[in-house]
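In the block that follows, a single chain appears as structure tokens, in the form predicted on its own.
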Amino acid sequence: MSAWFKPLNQPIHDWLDKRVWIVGASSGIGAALAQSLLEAGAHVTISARRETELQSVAANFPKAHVVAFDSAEPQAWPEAMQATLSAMGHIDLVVLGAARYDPTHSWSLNLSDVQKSFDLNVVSVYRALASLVPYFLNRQSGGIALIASISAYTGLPRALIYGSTKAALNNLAETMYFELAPKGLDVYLINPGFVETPMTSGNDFKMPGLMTPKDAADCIKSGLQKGRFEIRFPRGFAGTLRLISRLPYRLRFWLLHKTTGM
């Protein structure tokens, strides 16, 4: 196969006894992905702030491990990583999905929400990388997956804060791949559309292509198995928004105004 058509990451052919750490797994996509990988035979450590919810996700799975911590806390990552290593022995893949969503318009900006969103959605990822990258480089293998959003593709109504944080993760993942892939590490960028989660439950507008957490988890699992760099879904809506993001601004803004009614 020509190098141009090879997967950008190493395909994962077998989950049996893979060691996966999922951060942001007490509900929604993270919880569904954890259960899917556990059913496939992986060892999975799940993390979030809410230990009771984590224990519920881990119930009935002998290979599930719970490490509860607040990923926005500056000093929490080294200790959480050590607890994860103690539970599983080593880590093959980390999925970073802890996030918050504060629907906001330009005229109703709350700086406290901005600070909290960037601390959790962006800065906590850098805190994770400060511990994870040296570990994986020392092992000369491993993968890091960032859960961003298709809202990163272009400016959208009410995504004034959230979209910006996810755009930062898109850029970060691209830079990480550029630098880490030559060193033998895998980097994945996961860009979901609308998924039925506590985060989206307050939306008062029609959400195109709305998916269940299980369907989202299946898309992520399939993308990881195929070695894709960017895993985006649902295919139709995500692909359309990606195409719109490449249009000239005048046409793009006209389409978005027409589509969203704003």
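Just so it is clear, the model here is predicted, and its values are computed rather than measured. For every residue, the number given is its place in the sequence shown, counted from 1.
There is also a form predicted together with a small molecule; it is not shown, and the following applies to it.
- This chain is displayed alone, yet in the predicted complex one of F237, F69, F61, F229 has a heavy atom within 4.5 Å of the small molecule; that residue is F69.
- In terms of contact with the small molecule in the predicted complex, the residue from A34, L224, A42, A48 that brings a heavy atom within 4.5 Å is A48.
- Not one of N9, I91 and G142 places a heavy atom within 4.5 Å of the small molecule in the predicted complex.
- Of the candidate stretches 185-193, 171-179, 126-134, 78-86, only 185-193 contains residues with a heavy atom within 4.5 Å of the small molecule in the predicted complex.
- Although the partner is absent here, L160 sits far enough away that none of its heavy atoms falls within 4.5 Å of the small molecule in the predicted complex.
- Although the partner is absent here, S117 sits far enough away that none of its heavy atoms falls within 4.5 Å of the small molecule in the predicted complex.
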